[in-house]
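Consider the single chain below, provided in structure tokens and representing the form predicted alone.
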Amino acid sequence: MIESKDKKLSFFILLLPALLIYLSIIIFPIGVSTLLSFTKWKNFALVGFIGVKNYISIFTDPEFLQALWHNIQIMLISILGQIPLGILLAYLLYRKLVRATRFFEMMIFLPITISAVVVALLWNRIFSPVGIFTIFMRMITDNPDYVVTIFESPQWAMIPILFVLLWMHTSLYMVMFLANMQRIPQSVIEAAKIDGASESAILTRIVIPALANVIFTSSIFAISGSLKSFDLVYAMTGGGPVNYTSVMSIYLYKHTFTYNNYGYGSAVSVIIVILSVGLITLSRSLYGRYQKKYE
């Protein structure tokens, strides 16, 4: 009994520093933001407690709903674009189905090593009136006056940003999947080949089930990263024109640091946290069902 108490005390002492750090940098800011979300501020001064009015204003604001839809688009391109493409590229390199695998590894991984701001400026240059994309489109359309107008369309303005996000972050998932594919015993792959399994069968019947844990972890990264997207979108378009490319983080930034309404901005941050926790819990539930199915 005394030994058991000593063990519990030892565990508590060892966990205490990490627990204090977690409470101070994660739980405390969320708690303060939640309290602030029920207040109204004006010119750096607290006006008073207003209950849930901030939340009502947010969910009835078309600008916020538009930003939320853009975040959903980013999440979809992350889960349905970056992760499958990362698996496919990793499989091509893992099975050495292309030549010069080292070169392709380096080239595919390169975008994630570049700052998001630099990537945004690079692609803005490409889409500019003197950029490579514009020159190419002028050649194939035989129209010397062609300019990229997609950013001015409320329906299609997000397409270039989604393409850049796909180009930039697929490499990260590729590296994660490639590292875990290399842990699959070669004897399993060789046995499947002897039995006449095609490359698609090896990928779907052996490799993807073996990567289930990594795919789940990647989906968590994709969801959390999508909801907090800011740097690349802000550097590329600033959320404009006319909020056509705004996301929740830019909406939060504008209301908090431009309009100095800290209560309203805190309410947006609480909504982002709730959405993240809810979607991650949903992913965990779906993954749990998948695990039970194959047990």
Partner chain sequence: MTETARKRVRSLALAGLILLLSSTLAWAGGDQEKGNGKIVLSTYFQIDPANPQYEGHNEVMKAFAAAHPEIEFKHEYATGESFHQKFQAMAASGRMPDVFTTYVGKRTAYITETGKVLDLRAYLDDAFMKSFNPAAWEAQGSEGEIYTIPPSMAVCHVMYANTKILNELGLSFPKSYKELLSQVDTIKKAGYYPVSLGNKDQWPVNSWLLSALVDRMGGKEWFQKAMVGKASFTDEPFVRSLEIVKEMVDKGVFSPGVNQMSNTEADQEFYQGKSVYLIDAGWRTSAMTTSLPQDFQNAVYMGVFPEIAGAVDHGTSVAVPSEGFGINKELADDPAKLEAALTFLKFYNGPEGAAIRLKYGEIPTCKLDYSQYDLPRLQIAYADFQENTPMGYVIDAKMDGEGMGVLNPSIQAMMFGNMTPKEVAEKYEAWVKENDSNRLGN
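Residue numbers count along the first chain shown, from 1. All values reported here derive from a predicted model rather than from experimental measurement. Definition used throughout: the rigid core is the maximal C-alpha set that superposes within 1.5 Å between two forms.
We do not show the form predicted together with the partner chain, though everything after this point is about it.
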_Given that the partner chain is not shown alongside this chain, does I250 nevertheless sit within 4.5 Å of it in the predicted bound form, heavy atom to heavy atom?_
no
*Contact label in the predicted bound form: F257 to the partner chain, heavy atom within 4.5 Å*: yes
*With the partner left out of view, is R205 within 4.5 angstroms of the partner chain in the predicted bound form by any non-hydrogen atom?*
no
*With the cut-off set at 4.5 Å between non-hydrogen atoms, does L36 touch the partner chain in the predicted bound form?*
no
*Stretch from 224-232, 239-247, 22-30, 266-274 whose residues place a heavy atom within 4.5 Å of the partner chain in the predicted bound form*: 239-247
*Which pick from G196, P209, P185, P144 sits with a heavy atom within 4.5 Å of the partner chain in the predicted bound form?*
P144
*Though the partner chain is not shown, can you say which of T101, S128, Q73, T217 has a heavy atom within 4.5 Å of it in the predicted bound form?*
S128
*Using heavy atoms and a 4.5 Å cut-off, decide whether V148, F151 and Y262 all contact the partner chain in the predicted bound form.*
yes
*Could you tell me whether the Cα atom of Y146 shifts by at least 2 Å between the shown form and the other one after core superposition?*
yes
